[in-house]
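Encoded as structure tokens, the following chain is the form predicted alone, with no partner shown.
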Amino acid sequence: MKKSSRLTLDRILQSQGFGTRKWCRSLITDGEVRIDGQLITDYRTNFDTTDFAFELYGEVWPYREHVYIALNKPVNVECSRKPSHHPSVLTLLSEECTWRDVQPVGRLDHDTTGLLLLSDDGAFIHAQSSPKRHIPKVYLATTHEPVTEELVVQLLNGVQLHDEPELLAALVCRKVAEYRCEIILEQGKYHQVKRMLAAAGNHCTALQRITIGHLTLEQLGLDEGEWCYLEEHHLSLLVP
């Protein structure tokens, strides 16, 4: 359920990532903001944020208490605010997201592509990252050697990884092409898919995450590098 509150217009703009409070006030007094087509120049005017929207820069912006984002991550970007060798994934988002302190939910390696969630909602990030939730994630792995029946069986039965006390097994593993397999995992161990394939005697040459819970890249229709806001019906799919 959406939380209702009343905020002054400058605070609304600031909360939505349009800059400092001082800058947001100047946008309003300079006549850049309209509500329902009406020009508002008094930044002290307050509004109920429930189902609220405003027009700025010629675009209508719905008020969002928090933002939930899906990105189709390309190669050679890092899921970090302080990247080491490649640009941060945050550089692919809008400036408003930066002001809102949006962060990745978990990580994909710099050379792994596919579905990545981001948000400014700390509770959501924690819940989605928690191993207790058992949220399945679907990966497409391209391999160096052909995918054999023996490889599939090994991954389903479990393989031993260094520093892991127990065998790690795929929930589902199936061959989809001679050099490609689909792997579904609940855990999120470091480099897990790559390490599992290596432990089973193969090597991962490319990796893409295509599904989290029941939310798929295909449903979102995002090309690599593209992102979108997630709405309530999307969020309802992020379940085990």
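All residue numbers are counted from 1 along the displayed sequence. In this text, all values refer to a predicted model and were calculated from it rather than measured experimentally.
One more form of this protein exists, namely the form predicted together with a small molecule; it is left out here, but the text below deals with it.
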Tell me which of 35-43, 22-30, 187-195, 51-59 has residues with heavy atoms within 4.5 angstroms of the small molecule in the model of the complex?
187-195
Report yes if any heavy atom of Glu96 sits within 4.5 Å of a heavy atom of the small molecule in the model of the complex; otherwise report no.
no
Is Ala141 one of the residues lying within 4.5 Å of the small molecule in the model of the complex, judged by heavy atom distances?
no
So in the model of the complex, is the small molecule close enough to Val77 to count as touching (4.5 Å, heavy atoms)?
no
Does Leu108 reach the small molecule in the model of the complex, with heavy atoms at most 4.5 Å apart?
yes
So which of Asn72, Ser119, Thr112, Gln154 gets a non-hydrogen atom within 4.5 Å of the small molecule in the model of the complex?
Thr112
Which of these residues, Leu207, Leu215, Cys173, Ala200, gets a heavy atom within 4.5 Å of the small molecule in the model of the complex?
Leu207
